[in-house]
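Just the one chain here, laid out as structure tokens, in the form predicted on its own.
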């Protein structure tokens, strides 16, 4: 799948729909491109797709809510991917999650009120030897403990100041 370049207008959404018109599974491919561009599926885009594809809005939301990949809310500036694969889970992943929830006051899948962080749980980051592991904006943090979490998050918070 090739990503779109800056889908920001109704015309660009229309062009995207035209590109996929008549292709089986086009809704999913269109939604992938939109998700890649915005980081979520904006409400106004769903309404535009309803018109352009001539399908019920309920069908669009059925697809969006069925697949875990699609999000309905804007993500935080910094995405925290916490590994909950077997090794990470057994070596304290649940404790790391508890610490993140305690500090950020959000649950997995949610974004902090200031829009800085989103927590997502993933099945494996491929760093089992460093477990427990989390990734923030592509940077891996391994051999985590609850005590390390405040310092790691503070780095990102201070970078915003």
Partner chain sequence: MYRKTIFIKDTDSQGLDRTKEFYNKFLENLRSRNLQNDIQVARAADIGIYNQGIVLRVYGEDTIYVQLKETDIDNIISLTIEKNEIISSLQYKKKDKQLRRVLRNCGVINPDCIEDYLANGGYQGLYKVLTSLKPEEVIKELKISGLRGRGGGGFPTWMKWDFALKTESDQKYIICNGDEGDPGAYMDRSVLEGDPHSVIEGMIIAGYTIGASKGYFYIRAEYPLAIERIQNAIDQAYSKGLIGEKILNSGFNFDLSIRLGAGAFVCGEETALIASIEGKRGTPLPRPPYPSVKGLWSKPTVINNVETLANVAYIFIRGAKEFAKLGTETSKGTKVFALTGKVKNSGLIEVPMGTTLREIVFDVGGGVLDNKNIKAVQTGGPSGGVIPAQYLDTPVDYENLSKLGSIMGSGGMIVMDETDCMVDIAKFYLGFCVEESCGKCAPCRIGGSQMLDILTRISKGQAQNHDLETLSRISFAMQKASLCGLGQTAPNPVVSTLKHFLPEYKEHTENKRCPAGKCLDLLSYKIIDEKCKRCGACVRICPVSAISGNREHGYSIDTQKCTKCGQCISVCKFKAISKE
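Positions refer to the first chain, counted from 1. Please read these numbers as outputs of a predicted model, since none were measured by experiment.
From this point on, the text means the form predicted in complex with the partner chain, which you will not see here.
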| item | value |
| --- | --- |
| The partner chain contact in the predicted bound form: residue 24, any heavy atom under 4.5 Å | yes |
| Partner proximity in the predicted bound form: residue 124 to the partner chain, non-hydrogen atom cutoff 4.5 Å | yes |
| is_contact(residue 70, the partner chain) in the predicted bound form, heavy atom dist at most 4.5 Å | yes |
| Partner proximity in the predicted bound form: residue 104 to the partner chain, non-hydrogen atom cutoff 4.5 Å | no |
| Heavy atom within 4.5 Å of the partner chain in the predicted bound form - qualifying residues of 69-89 | 69, 70, 84, 85, 86, 87, 89 |
